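Just the one chain here, laid out as structure tokens, in the form predicted alone.
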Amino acid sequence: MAERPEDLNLPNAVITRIIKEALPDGVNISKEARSAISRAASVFVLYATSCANNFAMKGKRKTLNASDVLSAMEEMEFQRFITPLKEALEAYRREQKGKKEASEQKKRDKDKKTDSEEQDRSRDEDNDEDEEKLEEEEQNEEEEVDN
């Protein structure tokens, strides 16, 4: 756990970016207001985490999951956030699935390339061996002719 209360605050850069995205162009915000929003956001995250943890503990789990967070939102009476959160969760899962599939495809392509290279090397080795055998046979034939 954090040793100082300041350690619990969200990064200022993140808060500033969120604020800028939420406000119309040309609207500025004072340092005090940004600090207040940052503290409020930190308190909200801590409270939501605590509520979600209660649901995990009821389920005799140590790991919070998405359903714990959604249940916490409902318990905190933030029902209007549940649908957007579910949509964001589904989008995140689709993105992760796409990344996983792309990674697996890349691995399969790499394996195919490696297999193909190994087959080429094996063929080259076989050809080299055949050439060596032919050379030996030719030398043997020449020696027989000389004898």
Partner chain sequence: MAAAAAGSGTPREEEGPGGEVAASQPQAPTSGPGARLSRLPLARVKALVKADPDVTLAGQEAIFVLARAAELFVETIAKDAYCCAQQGKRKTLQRRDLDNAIEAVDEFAFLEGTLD
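Source: prediction; values computed, not measured. Residue numbers count along the first chain shown, from 1.
There is also a form predicted in complex with the partner chain; it is not shown, and the following applies to it.
Trainee: Does at least one non-hydrogen atom of Arg80 fall within 4.5 angstroms of the partner chain in the predicted complex?
Mentor: Yes, Arg80 sits close enough to the partner chain in the predicted complex that at least one of its heavy atoms falls within 4.5 Å.
Trainee: Is there a non-hydrogen atom of Pro84 within 4.5 angstroms of a non-hydrogen atom of the partner chain in the predicted complex?
Mentor: Yes - in the predicted complex, heavy atoms of Pro84 and the partner chain come within 4.5 Å of each other.
Trainee: Using a 4.5 Å heavy atom cut-off, state whether Arg93 contacts the partner chain in the predicted complex.
Mentor: Heavy-atom contact with the partner chain at 4.5 Å: present for Arg93.
Trainee: Counting only non-hydrogen atoms and a 4.5 angstroms cut-off, does Ala102 reach the partner chain in the predicted complex?
Mentor: Taking the distances in the predicted complex, the answer for Ala102 is no, it never comes within 4.5 Å of the partner chain.
Trainee: Just give me the residues of 35-64, first to last, that have a heavy atom within 4.5 Å of the partner chain in the predicted complex.
Mentor: Going through 35-64 in order - heavy atoms within 4.5 Å of the partner chain in the predicted complex - the hits are Ala36, Ile37, Arg39, Ala40, Ala41, Ser42, Val43, Phe44, Val45, Leu46, Tyr47, Ala48, Thr49, Ser50, Asn53, Lys62, Thr63, Leu64.
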